[in-house]
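For reference, the chain that follows is the form predicted on its own, supplied as structure tokens.
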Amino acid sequence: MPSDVAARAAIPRDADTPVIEIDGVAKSFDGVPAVDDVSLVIRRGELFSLLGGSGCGKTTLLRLIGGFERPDTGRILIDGTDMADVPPYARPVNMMFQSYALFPHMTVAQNVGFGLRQDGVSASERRRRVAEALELVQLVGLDARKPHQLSGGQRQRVALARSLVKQPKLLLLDEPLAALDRKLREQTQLELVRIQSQVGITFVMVTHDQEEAMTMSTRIGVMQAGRIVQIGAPGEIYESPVSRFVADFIGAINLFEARFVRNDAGRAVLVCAAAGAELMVGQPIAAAAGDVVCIGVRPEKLRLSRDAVGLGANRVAGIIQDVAYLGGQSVYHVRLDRGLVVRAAAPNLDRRGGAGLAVGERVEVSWSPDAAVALSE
């Protein structure tokens, strides 16, 4: 590890210290809100992802942090300093764009050192820091190449080295892996996590890829219609989504509309007409008798069996109508007796695939109360 990088990594980091504070920020274009009253704290040393579909406001929020847009209302503080009158070039921030924006006529080393040259850093200091940055992103020996002589993954790492070489307090990444193929993208995800951990710089990443956000992030902010609707660690977002939107956006989920009956012994009891069964959730629900509640269960939480599982909560029966083989797992689409279709995922532990069940077979579907979660609208 280069000496400067090692020194930075050795500096103790207070995980509770905010590096970004966003307070009531809003931004509209032609009267249409793009970011709507967002408040957010991002802590020092985090890899924080803004996750959402197209048009949700995530890139606009990233550009507001970088100073490429000005908020209509609200404040953005970086390391406690209000950025209202600070232009992009004067902020302790670098931004890595989706296109990488490398200069085609410059070598790798010249591209990486361009910002340092603009800042008047001496040639000897520039060479040293460029060499360290190239070692960090594992591009040693490629410093004399031009961008067209590199693979897509190598160009992405040049852009990353150029962003890191100025040692910003904050690195903004706008869909940084979108141009890479799936296998290379998966490899680069782990490389980015490794590099971020080594340098200790706060990363804020925009992505629409749920798997990418789950793999890389310390925390995720899920955005919908200009607002952040849930913030949490990947496991929290996946296992305990707060709303139907979040549950449906992050991975696959089975949704059941059910009527609340009662809370009993720390569990909620409901009745779902579409499933023809009593449903049970492993924690109480704040609802009145007869209220309609949406219940979510992930496909991998469902158990399939040819044998009757008997009467009781969270037990339904149906016919397998489709099987999707996905390599590591198989997904079964089961049409229940009252017409509702549910999805159940089973790992492919041998070459037969999944649970060894076929289209047309009658199966029992069951799940634990603790696998279910109640969702708001």
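A residue's number is simply how far along the shown sequence it sits, counting from 1. Because the structure is a prediction, the values reported are computed rather than measured.
Omitted here: the form predicted in complex with a small molecule. The next part is about that form.
Q: Might Phe29 be said to contact the small molecule in the predicted bound form, defining contact as any heavy atom within 4.5 Å?
A: Yes - in the predicted bound form, heavy atoms of Phe29 and the small molecule come within 4.5 Å of each other.
Q: Even though the small molecule is not shown here, does Gly55 get within 4.5 Å of it in the predicted bound form, heavy atoms only?
A: So Gly55 counts as contacting the small molecule.
Q: Please check if Ala34 has a heavy atom lying within 4.5 Å of any heavy atom of the small molecule in the predicted bound form.
A: Answer yes; at least one heavy atom of Ala34 falls within 4.5 Å of the small molecule in the predicted bound form.
Q: Taking 4.5 angstroms as the cut-off for heavy atoms, does Ser49 touch the small molecule in the predicted bound form?
A: Output for Ser49 is no: heavy atoms all beyond 4.5 Å of the small molecule.
Q: Partner absent here, but in the predicted bound form, which of 330-338, 56-64, 40-48, 314-322 has residues with a heavy atom within 4.5 Å of the small molecule?
A: Of the options, only 56-64 has residues within 4.5 Å of the partner.
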